[in-house]
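Below, in structure tokens: the form predicted alone, a single chain.
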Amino acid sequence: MNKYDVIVIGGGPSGLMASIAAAEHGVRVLLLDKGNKLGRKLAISGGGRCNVTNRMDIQDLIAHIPGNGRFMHSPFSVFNNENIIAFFEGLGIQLKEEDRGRMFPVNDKATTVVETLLNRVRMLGVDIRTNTTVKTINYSGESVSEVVLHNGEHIPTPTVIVATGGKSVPHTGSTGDGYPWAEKAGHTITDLYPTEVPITSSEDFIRKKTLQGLSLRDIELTVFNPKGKKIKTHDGDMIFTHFGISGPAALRCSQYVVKALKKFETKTIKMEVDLFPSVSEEALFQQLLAKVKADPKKSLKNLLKGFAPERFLLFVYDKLSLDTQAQASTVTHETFRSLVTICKHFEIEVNGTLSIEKAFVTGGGISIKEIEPKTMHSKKKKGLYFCGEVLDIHGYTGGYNITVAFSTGYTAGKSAAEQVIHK
């Protein structure tokens, strides 16, 4: 007789949700985690505020999961973003909606979310063992038979849910432990790469830190292929750093940079910043001419105060070798056109991203072709389930990855419990 019907490995968002779902469906659950604390990544998510989900309709939600988002139709039919909201509100956490559908606890504390989940896990009688490292999962024929710990202990069970995360943010425990266990079961691991990660560049102005710390708001950032064709555009904010660019728009573009560098076997890829995405070049040019007409005697520098961030303008003046003290009426139309072009097409040659360990999210993972989407059950071994970031599914930042984690975790836990009960 097995003491545990289900063993969940990994105490992040998907593992906690899997434990809760399995226990709610009436089976005996053991939750193992190699760290000393559960929910460590959850506790630092959303800048320590915990973006628990995103309140978009399902189609939009899936569009924000560029890494195999279509797979999520089935898990979302079991447990979707509205279910996540109802789940937390049912446990007494009030949520609020912010820009772009992001849902946060009203008190802005990720620790409240983690504590509430842990209380629920404990209340349901789940056994928890922290500081417990799993060595491998053993199989008897085509079925799960036991979990083997590094200390040599063997724990028999018919069902294992692997929720070990990817390789990003390793200090929270995500160090890729689940991949070798999946391979042992016959699963394919697709190439791992960093996503939602700052982008690097060795442009002169980056190396000299000319624009370091400058934030640009509401811009559009585009990744181009070597032939000059647009690969992807994202809007939002960005910031220049000592190594390249970061901020929401840059993070969202990062996976396209990684893929393009690999696909085209090139050392650098061109990106472009559009500081005025809602205004055409011609309209911008006419705005400047109207300013000149209104204040022909003003110096160029004073005329353009507030037109764009001052540090950016100083950089542009320098780049175009402009005399900023020149009277506005003496500046040629050609100069104004050049100014507008730089503001609409500010080019940056980028050469990669920071490492996967520095990324917010891991791209790649266990191939979803080998997972049953309605149950998260392995197509390779009976009683084996996967959920969360260990899978080849990834979304943008903004509550999408956590939604995937909760949804796949709940689906895996519920299915695992039902399989045990109906045996």
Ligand SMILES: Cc1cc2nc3c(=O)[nH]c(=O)nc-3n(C[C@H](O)[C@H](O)[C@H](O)COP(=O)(O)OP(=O)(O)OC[C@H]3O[C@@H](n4cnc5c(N)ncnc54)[C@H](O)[C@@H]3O)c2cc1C
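Counting begins at 1, following the sequence as shown. All values reported here derive from a predicted model rather than from experimental measurement.
Just so you know, the form predicted in complex with this ligand exists too; it's not on screen, but the next bit is about it.
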*Flag His377 as yes or no: does it have a non-hydrogen atom within 4.5 angstroms of any non-hydrogen atom of this ligand in the predicted bound form?*
no
*Pro66 near this ligand in the predicted bound form, any heavy atom under 4.5 Å?*
no
*Ser367 within 4.5 Å of this ligand in the predicted bound form, heavy atoms*: no
_Partner proximity in the predicted bound form: Thr159 to this ligand, non-hydrogen atom cutoff 4.5 Å_ = no
*asked:* Using a 4.5 Å heavy atom cut-off, which of 342-350, 118-126, 159-167, 291-299 contacts this ligand in the predicted bound form?
replied: 159-167
*With this ligand left out of view, choose which of Lys34, Arg28, Lys382, Arg55 has a non-hydrogen atom within 4.5 angstroms of it in the predicted bound form.*
Lys34
*Can you tell me which residues in 9-41 come within 4.5 angstroms of this ligand in the predicted bound form, by heavy atoms?*
Ile9, Gly10, Gly11, Gly12, Pro13, Ser14, Gly15, Leu32, Asp33, Lys34, Gly35, Arg40, Lys41
